[in-house]
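Okay, here we've got a single chain as structure tokens, the form predicted on its own, with questions on binding and movement later.
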């Protein structure tokens, strides 16, 4: 029964991974014969300042976006679950960014933050805060814009999943807490959050992985610039492979990034399982 699925996984995932690992031990410009060079690519990957900085930016983007959007999604889900007026409308509106293609999101926001023609600067100018901010051209602000857009794009999915977890909490638990005199805020922190903690853990883990791999968003908005200010690990891999014709190094960096995400995923699952057992 499992054979068809396992065959598909082996062909479309297993074989490319094997080829990726094989390529990481070679020097290959994309054409011709690959030359075996041992672990030189991995030595370069671990000693290259560009790779280290790209890894740091990937972690900052993944962790920053995941924590911020999870907090916002939790608040939005609590409002809808608590019976806010028009909750059916908010379910749809808050989820809309999640179904937009990442490339379209990147283009939309890249145009929106343009110095003179962007909607963001037009709004800031209308309230007296200036309308010539070069958000994506300034290395000190470009990464923050990327994180903000990642939050905007990802909060809808997190909101819907967390809302589903909140709506699974038995109403009787809240009724008992109300009888005991617990306020709405006390119920939220003492009942809702502990009971949806497994869902929150899953959302944070998924969002970290998705934002860490946010190539489309970064490339569509900044191409990794200005300079290398927004070059995250997937963008660095693309540059090494297709701009610098160093597919061996790109493969090695990909392997390192994949192993890091694998460790993060396994650690997150183990932590979630331990919490579930303790509870």
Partner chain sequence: MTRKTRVRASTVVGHTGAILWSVLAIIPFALIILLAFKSNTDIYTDPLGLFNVKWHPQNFVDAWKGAPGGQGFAVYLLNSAIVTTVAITGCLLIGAFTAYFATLATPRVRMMVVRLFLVATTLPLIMLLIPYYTAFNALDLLGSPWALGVLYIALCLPTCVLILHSFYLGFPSELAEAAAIDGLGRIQTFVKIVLPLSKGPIVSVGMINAFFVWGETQLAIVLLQAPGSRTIPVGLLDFKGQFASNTGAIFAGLTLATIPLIIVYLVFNRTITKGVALGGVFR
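Residue numbers count along the first chain shown, from 1. Owing to the predicted nature of the structure, the values given are computational and were not obtained by experimental measurement.
One more form of this protein should be noted, the form predicted in complex with its partner chain, which is absent from this view; the next part is about it.
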is_contact(residue 208, its partner chain) in the predicted complex, heavy atom dist at most 4.5 Å = no
Distance check, residue 103 to its partner chain in the predicted complex, heavy atom within 4.5 Å = yes
Are any of the heavy atoms in residue 70 no more than 4.5 Å from a heavy atom of its partner chain in the predicted complex?
-> no
Any of the heavy atoms of residue 230 lying within 4.5 Å of its partner chain in the predicted complex?
-> no
The listed residue (143, 166, 204, 160) that reaches within 4.5 Å of its partner chain in the predicted complex by any heavy atom is 160
In the predicted complex, which of the listed residues (78, 110, 147, 191) lies with a heavy atom within 4.5 Å of its partner chain?
-> 110
Going through 82 to 112 from first to last, which residues have a non-hydrogen atom within 4.5 Å of its partner chain in the predicted complex?
-> 84, 85, 89, 90, 91, 92, 93, 94, 95, 96, 97, 99, 100, 101, 102, 103, 104, 107, 108, 109, 110, 111
